[in-house]
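One chain comes next, on its own, written out as structure tokens in the form predicted alone.
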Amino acid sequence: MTPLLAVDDLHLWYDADGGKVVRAVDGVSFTLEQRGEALGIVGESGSGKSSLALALMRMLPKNVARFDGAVRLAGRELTPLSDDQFRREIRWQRIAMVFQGAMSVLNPVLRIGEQIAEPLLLERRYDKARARARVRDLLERVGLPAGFASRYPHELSGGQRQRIGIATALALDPDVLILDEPTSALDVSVQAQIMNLLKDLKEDPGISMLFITHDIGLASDLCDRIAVTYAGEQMEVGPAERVLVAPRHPYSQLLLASLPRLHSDVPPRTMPGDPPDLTAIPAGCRFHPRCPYAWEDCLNHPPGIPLPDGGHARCWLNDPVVAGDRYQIQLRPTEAARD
């Protein structure tokens, strides 16, 4: 079956000062197989998660040094499309995005209803009466009264503004919804409400999601599969249950070990070292300067080594020929996932 979304060897690099290049997205590949599937993109700040979202939306800054790779939506190759074609046919219609911090993307001088209706009225997709009805339906879908259409953004709470951001992204019934840290600025109770809304959307009408977050707990609550990113690459991809309980990359394992555990006396372990400078990425495995299991073969860049569950891990420990006696070394962070 043709995947709903297939990304292959995607690159997004930025020009930086002094002639340097920031490799924010560097050869990323993944698929969303069908509607209703959610893929979590997790990792430390600066790992390229938000740049991946901008690349898929083709919302690129002026200092792009490299942007290439294959992106197919329901079998259609999107890369050859002109920017105007992509804007008219794909962005918001087929792939939509909810941004981090809704107040920064809502226009403070326009009423909420006008902002939700804007994509509906462009190119005369809807007349005004149908657009108003659609706005009412969308507000109801995200759990807000229809009267909120007449309010301004500053009159809403943070959680209400984030619901408006979700309603705006849903306006044209996209196939794929990209969520970039949608709950990061919210308190815990509101965060739970937004997560429940996203789970409802995933089931009905069955929207596929890319859920970008630094919070592994949130990803485990929503996502069917998880991709762990580091320094512009995916270190590991696989079913959420396996990645959380039996991670196969040391970086994934150390991320889980850093989580506080509700039912354990073992304190969280700090991640050793610091993320690399993306303008001066280390040779070989990008994690090896911080990895407790690094050895001489880690100076060779590992590919994504296939795993039995259909995922992959970019670590030589998963290759019995290269790793030898080190093959499948196990760490101990799985208690955090079980908690």
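Don't overthink the numbering: it's just position in the shown sequence, from 1. What you are looking at is a predicted structure, and each value in this text was computed from that prediction instead of being measured.
Not pictured, yet referred to below: the form predicted together with a small molecule.
Heavy atoms within 4.5 Å of the small molecule in the predicted bound form map, among the stretches 41 to 49, 28 to 36, 266 to 274, 66 to 74, onto 41 to 49 alone. The small molecule in the predicted bound form comes within 4.5 Å of no heavy atom belonging to A55. Interface residue remark: D15 is counted as part of the site for the small molecule in the predicted bound form, having a heavy atom within 4.5 Å. The small molecule is not drawn, but in the predicted bound form it has a heavy atom within 4.5 Å of P61.
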